[in-house]
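Just the one chain here, the form predicted alone, laid out as structure tokens.
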């Protein structure tokens, strides 16, 4: 069932390793086939060096395993919540990459200090509040997903494809698993640069709106002109 989806999710998970975004067995990537209502995700706690495409786990959107011998990622319920709450996304990635996680542990949104950030994220990257003890004990992973959705009230998830979960780490998303990983890499890059900028000068302000608009919209807006037009 859906071998192509397994291959894509496996490749996306391995890309986390190649980009230096995960260590040990941390991190996970998933993808959803909206037509078939099937989610594919990395298995829990499996060494990346030993992982194979056939190890990927297929589930329905309610979390029932459809295919796979291994347990799905412990973060599965968070991924499922995001697929339900953000209907246009096709892939989700979660890492504990160093600089992005540092901002999350500090419970600080990631400010938009320059054009590198603005090229990929339309403004500061939000940080959630901390989960209450009740929500942690209730259903931790599902509540984490719900917390992200709550944080995005008033924020367009199609133009802000990342979040920092307080005391935890980053989640990113995109049209597919590969884009979710790419966004994770960009998030870590700007988290590192912003960390250095704040060390060099405290109390930095976000860049002016006009510069944010120019850099983001020239790549992602209706009149985007960055890059080459695809042929055919």
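Numbering follows the first chain given and starts at 1. A quick note: this is a predicted structure, and the numbers were derived from the prediction, not measured.
One more form of this protein, predicted in complex with a further copy of the same chain, exists but is not displayed; see below.
*Asks:* Can residue 113 be called a contact residue for a further copy of the same chain in the predicted bound form at 4.5 Å between heavy atoms?
*Replies:* Yes, contact at 4.5 Å.
*Asks:* Within 4.5 Å, heavy atoms only: does residue 167 come near a further copy of the same chain in the predicted bound form?
*Replies:* It does: once a further copy of the same chain is placed as it appears in the predicted bound form, residue 167 has a heavy atom within 4.5 Å of it.
*Asks:* Though only this chain appears here, would residue 119 touch a further copy of the same chain in the predicted bound form if you measure heavy atom gaps against 4.5 Å?
*Replies:* Answer yes; at least one heavy atom of residue 119 falls within 4.5 Å of a further copy of the same chain in the predicted bound form.
*Asks:* Hey, in the predicted bound form, does residue 63 get a heavy atom within 4.5 angstroms of a further copy of the same chain?
*Replies:* Residue-level check for residue 63: no, no contact with a further copy of the same chain.
*Asks:* Is every one of 13, 37 and 83 in contact with a further copy of the same chain in the predicted bound form, taking contact as a heavy atom within 4.5 Å?
*Replies:* Judged in the predicted bound form, none of 13, 37 and 83 sits within 4.5 Å of a further copy of the same chain.
*Asks:* In sequence order, which positions of 41-58 have a non-hydrogen atom within 4.5 Å of a further copy of the same chain in the predicted bound form?
*Replies:* If the 4.5 Å heavy-atom criterion is applied to a further copy of the same chain in the predicted bound form, 41-58 yields 43, 44, 45, 46.
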